[in-house]
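Below you'll find only one chain, the form predicted on its own, shown as structure tokens.
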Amino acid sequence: MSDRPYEVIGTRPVRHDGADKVTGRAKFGADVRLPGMVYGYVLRSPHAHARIRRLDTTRAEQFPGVLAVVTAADLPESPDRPVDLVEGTLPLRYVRANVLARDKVLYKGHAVAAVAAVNRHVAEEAASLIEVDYEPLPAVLDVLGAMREDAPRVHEDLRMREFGETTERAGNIAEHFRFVLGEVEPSPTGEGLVPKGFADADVIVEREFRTAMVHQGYLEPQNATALWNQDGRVYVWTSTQGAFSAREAIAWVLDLPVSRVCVYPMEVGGAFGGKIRIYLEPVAALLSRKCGRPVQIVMPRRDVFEATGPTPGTVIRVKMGARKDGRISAAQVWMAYETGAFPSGQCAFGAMCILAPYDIPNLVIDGYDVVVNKPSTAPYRAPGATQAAFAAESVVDELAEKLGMDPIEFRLKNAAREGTRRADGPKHARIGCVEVLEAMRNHPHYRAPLEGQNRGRGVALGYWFNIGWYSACTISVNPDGTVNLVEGSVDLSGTRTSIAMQAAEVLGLRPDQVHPVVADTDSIGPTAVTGGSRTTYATGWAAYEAAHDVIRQMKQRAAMIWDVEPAAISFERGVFRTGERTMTFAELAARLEETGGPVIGRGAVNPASAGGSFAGAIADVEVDPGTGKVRLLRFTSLQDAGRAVHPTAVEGQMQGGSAQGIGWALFEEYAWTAEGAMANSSLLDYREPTALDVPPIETVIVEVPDPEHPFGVRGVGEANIVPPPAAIANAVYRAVGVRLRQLPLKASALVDALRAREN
């Protein structure tokens, strides 16, 4: 018998979808081909903010090869109500307005109309014939400018929510919330609260940080194919992170019961949070209803940048105080996040994470969601947390330096532990914050000498709270002793395998004896979005429950054969046993027909929460003071995985998130013209890191099992993107002695800072 606690979990089997992905057999959204299918194209606004005075589609409708044209007038006008999207609640009118603009366009790229034609070229040419009379309006493009009372209003009907209540205050601030912990008092100005504890501090650091909008950078553009069938049902094939969340949103927009919408999730060519929202699906469905044929729309790359959800740009102010003994005594944070044209709620996520790695007795966090005339923002891998960590970890690093402490030792002295209360209220359960920091301190990278001029080493810590939510799974037993596993979670990163491995562990099978299938919304129970680092955690848990249901039923079948009570039968590592009699899983599977027929196990879970994950980063850089170029020399990512189901997949998640964080730190940003147009809306102009920019990323998996999960699993997809920008910024400071407080760390800004220091 093996000394390992598990036979399957912790091994590195070949991914179930691996061969299909590398040979091109896997079917992505643009690969869908249906009989009679035609193609759509979406006309988008050339203005960042304008009123639609007139919209005439006559010429487009008369163009040869055109089968249908739709505008916002084709959307239903059912009563407005709040709808619960994955990342927050929005009025239904806002959700519809982002699909097709009705009275105003709110950002360059806002969808205005769509055409279906015999091919894409005809559809695009016909769309150019649609006549739109715009009345340009002043655009608001800066989060601080948008907060001014005299700023142009993105929405005339928007009223600020403050502390959970809707106020009468009009403007661009969608929400103001506040987290308070410990002792506080009114601020000297009479506005807001300040934490007590700064008077006890021997060192205080107060800084302001800015980050630009960045895009998730997935290779596959958004796509949707829809058939509005003669029976009134709508079938949609799409690249989505959540078939069920897409089904709900499509049903809301089209004012249909969810039972009349079926979503087929296709393989996804990258998402990272950016493919949760719907964009094209209702438009393709409306076109299909008009022309009576399936309609496919694939976004051009320009539209992906201009019309889908980047991450918010931010302004964050952080003030922290610490005593000589190294303990942080107080912290105050002010955060303003651009939400784009519609509220998004990501500032709250950032506020939940910004100070979560630390045990700070007194703190106040004020957060603001602010609408601007830019595309509506969407989640991007630990949404809101990377910007927050850049600010907080830069200040923590500066405090450590002023106190003459090692940056990791300072973090360890203040590290959150089990029972530490987060700013937003919950206490941490069993967490791995200390263990990640200790692994950083003991890693050879941190101890290695760093020789040469203008070189520096930086560290940072990040957190993502992870989510639970609902998942469903079924497992059916085949006569040859293998099983078919049907799940509702879209596979973004090999989760078919990580879920199958958890079922295999319970059933005593090899991973290749479990055949996982991601099903459409008609074929499996409701399952929440693949996001929030929940899939291996929650859907794996559902598979665990389904596997145990299989074993329960199989014991009943074995009891029939052996003429004993099911309670007298044990099952361990693939073998049923009673007394001296044994039967393997495969042997019993071959006898199911004679004992009652098929065995199908079911599992459904809805965890209220999930164990959060901490990640650390160590970065070495070399800076050219003459040009400001930052070269990344070495990078190590460390993360608490709880229990690494598939270590290779975990390492891949850590490397992928780190690479994206590196891009966020050094290169990536939306560049805007004064008129509100994105000036770099192509992969040629939008700078992402390449293999020449990223060294081999070393990984260290820390395992502090989550006590709530049957296997101790924690989600690992997101925390790894959080610390890289701060770690690199801290390394740049140690290389050349200047701290940049804006992302990306532009070469020009670095040169300017170095020159300013010399003068």
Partner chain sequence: MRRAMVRVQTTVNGQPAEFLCEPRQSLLECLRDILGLTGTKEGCNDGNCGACAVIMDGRLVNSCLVLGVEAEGRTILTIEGLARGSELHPIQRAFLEQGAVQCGFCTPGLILATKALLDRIADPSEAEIRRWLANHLCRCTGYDKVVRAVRQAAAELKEACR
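Numbering follows the first chain given and starts at 1. Bear in mind that the values here come from a model prediction, so they are computed numbers and not experimental data.
The protein also exists as the form predicted together with its partner chain; that form is not presented, and the subsequent description refers to it.
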property	result
Listed residue that, although its partner chain is not shown, lies within 4.5 Å of it in the predicted bound form (heavy atoms), from Asn172, Gln653, Ser376, Gln346	Gln653
Of Gln660, Gln553, Gln332, Thr71, the one that lies within 4.5 Å of its partner chain in the predicted bound form (heavy atoms)	Gln660
Glu688: touches its partner chain in the predicted bound form, heavy atom cutoff 4.5 angstroms	yes
Contact test in the predicted bound form: Ile697 vs its partner chain, heavy atoms, 4.5 Å	yes
4.5 angstroms heavy atom contact with its partner chain in the predicted bound form for Thr627	no
Gly10 within 4.5 Å of its partner chain in the predicted bound form, heavy atoms	no
Its partner chain in the predicted bound form: contacting segment from 40 to 48, 725 to 733, 708 to 716, 27 to 35, heavy atom within 4.5 Å	27 to 35
Its partner chain in the predicted bound form: contacted by all of Arg96, Val258 and Asp369, heavy atom 4.5 Å	no
Partner contacts for 718 to 747, taking its partner chain in the predicted bound form and a 4.5 Å heavy atom cut-off	none
